[in-house]
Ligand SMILES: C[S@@+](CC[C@H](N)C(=O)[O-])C[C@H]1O[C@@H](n2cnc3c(N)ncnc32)[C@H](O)[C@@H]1O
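The form predicted alone is given below as one chain in structure tokens.
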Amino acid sequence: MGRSLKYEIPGEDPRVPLSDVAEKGWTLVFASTMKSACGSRSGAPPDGLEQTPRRVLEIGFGRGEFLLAMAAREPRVQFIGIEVSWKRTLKMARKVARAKLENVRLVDDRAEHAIQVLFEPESLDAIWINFTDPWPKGRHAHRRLIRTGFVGDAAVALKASGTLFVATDDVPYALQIDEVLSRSPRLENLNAPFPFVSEVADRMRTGYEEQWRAEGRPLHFFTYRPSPNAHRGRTRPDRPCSGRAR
């Protein structure tokens, strides 16, 4: 019998509903549970957060090692984790609370939806997508995250100086990722003339990545940034949270 799921959060719950982000925006969502913000009416960001803090998103954080390590290393950066699994989000919330990381917020939602409704254009400094499900069966390929529509939305959410990081250990998926990213008019490849690299210096390795390396699986690391002219007139008129999630 598997271990029972523990629901209680040993500290502040870092999970936020979509409605809170839509109503308050990310700045207030982060400020609302910071200890130093309690009792403040000035509207200024709490101690430890910059006036215009860097904001980093990880999509599909899984067991959470990567997100936890980034947040612990850079306490003045706002980190947002999105995971489609409610159970994984709950388990990650417990880890974040135990680690007392006040610069992490979690959302359980589909990434394709969240990237559209939770982030204003040019609001993210980085997006990390590490080893998402490759959906290897042909009839399931349409479920893969890296597709044209999603990549376009991600590019809009990135600042002009932002970076999109994508990693996979699946060769067919890597070929698709290369095709989608290389054809995006909003992005340019930082690894050019190579489509990807197989090693990244000083990159934190997750447990899954170490396992796949031990199994000899080929790894593919893609790094893209917005094209120089990609930020002209970037809007999403159909976004239900437009003007809110700042």
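From a predicted model like this one, the values you see are computed outputs, not experimental measurements. The first residue of the sequence shown is number 1, and the count goes up from there.
Below, we refer to the form predicted in complex with this ligand, which is not included among the displayed structures.
Residue contact with this ligand in the predicted complex: Pro195 places no heavy atom within 4.5 Å of it. In the predicted complex, this ligand stays beyond 4.5 Å of every heavy atom belonging to Gln78. This ligand in the predicted complex is approached by Ile59, whose closest heavy atom lies within 4.5 angstroms of it. Although the partner is absent here, Glu120 is not a contact residue: none of its heavy atoms lies within 4.5 angstroms of this ligand in the predicted complex. In short, of 93-101, 156-164, 69-77, 131-139 it is 131-139 that has heavy atoms within 4.5 Å of this ligand in the predicted complex. Only one of Thr206, Thr27, Asn189, Ser184 lies close to this ligand in the predicted complex, with a heavy atom inside 4.5 Å, and it is Thr206. Taking this ligand as positioned in the predicted complex, the residues of 82-107 that bring a heavy atom within 4.5 Å of it are, in sequence order, Ile82, Glu83, Val84, Ser85, Arg88.
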